[in-house]
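Quick setup: one chain, the form predicted on its own, written in structure tokens, and binding and motion questions come after.
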């Protein structure tokens, strides 16, 4: 068998993240990796316990399908030949979460995602080409209701890990006192416009019409002592499924959850659009071809419930809880953008 070396990507500056190991054996046999994966295991147990206790049903999402979330920020989809048909590897479970609400009112899944991120993301220490999300969706929910679920989930997972695995965290040098504010206080909510103004005050040229860029996320994150929500993104910067506010046209009923200490975004979510005509119009506005989404639009036409939900990046969340330098350390078989690996 040919050994594929994991090497620093071309253009990745020294110091941008911990150097990748020479191969799977070095990574998997590392005491650091064993501690990190032990923590991640406990995080998954805690997440399932919390969501099941809140009445959510776990389902298994598909890995391939005729269409997937169109994505953003330059990430590309992966095409596969599925018995002569051009199918996609899932970049997100969002369309299938909405569809599954025809069976259950409250659902979640631990969903694999594949996104060919731009090569420059290899230097952010926060991006993987293959990762997992804790995906949650709730029929009839408002943004405020799903924000409370996301906050409760994060707090429960952190509380369980710090209570049950203090030795593993200590072995990684993670000071658990940094979680005091997270566990004791509500998460702050700030609007996208306020976040942009804050970045302008720090000399960062963030566009008021775009998602907070990666550098901006890190700047806002470094100022915080606990996770916080950014809400009310402008309409043009997110997908067709994010619901536009009736009270504030031009703004979306959505959010990001940003971790403190410079770790950046952990989670994105929103109230979902479920009106057929509005979804088709939004698809066209965002440059999507409605004909590609035949099965999904047929379900929307027949009726799917209004909902709200989110996707919480498991590896990013693990990185934050464990205090890791790079997100690839939170994966047993890391896929860093631009790096060929097992």
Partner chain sequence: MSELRADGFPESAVRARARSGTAGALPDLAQYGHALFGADPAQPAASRADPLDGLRLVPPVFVPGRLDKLLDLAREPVYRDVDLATVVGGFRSTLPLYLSAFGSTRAATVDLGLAASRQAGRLGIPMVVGENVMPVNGYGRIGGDAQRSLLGRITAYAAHARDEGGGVVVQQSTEDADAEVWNLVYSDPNVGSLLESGRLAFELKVGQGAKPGLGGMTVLDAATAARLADAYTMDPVFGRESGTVLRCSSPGTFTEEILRQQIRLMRNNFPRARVWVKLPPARDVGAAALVAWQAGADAVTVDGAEGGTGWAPVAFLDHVGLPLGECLRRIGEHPSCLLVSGRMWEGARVAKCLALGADAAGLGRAALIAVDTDAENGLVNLVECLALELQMLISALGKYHVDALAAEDVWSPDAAFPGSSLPPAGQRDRSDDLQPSR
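Residue numbers count along the first chain shown, from 1. Everything numeric here is computed off the predicted structure, so don't read it as measured data.
Omitted from view is the form predicted in complex with its partner chain, to which the following refers.
Interface residue remark: residue 248 is not counted as part of the site for its partner chain in the predicted complex, having no heavy atom within 4.5 Å.
Within 4.5 Å of any heavy atom of its partner chain in the predicted complex lies no heavy atom of residue 42. At least one heavy atom of residue 117 is located within 4.5 Å of its partner chain in the predicted complex.
Its partner chain is not shown here, but in the predicted complex it comes within 4.5 Å of a heavy atom of residue 286.
The three residues 127, 148 and 319 each lack any heavy atom within 4.5 Å of its partner chain in the predicted complex. Just one listed stretch, out of 216-224, 203-211, 158-166, 180-188, contacts its partner chain in the predicted complex at the 4.5 Å heavy atom level, and that stretch is 203-211. Contact annotation: of the candidates 77, 171, 100, 176, the single residue with a non-hydrogen atom within 4.5 angstroms of its partner chain in the predicted complex is 77.
Residues 235, 236, 237, 238 of 214-239 are found to place at least one heavy atom within 4.5 Å of its partner chain in the predicted complex.
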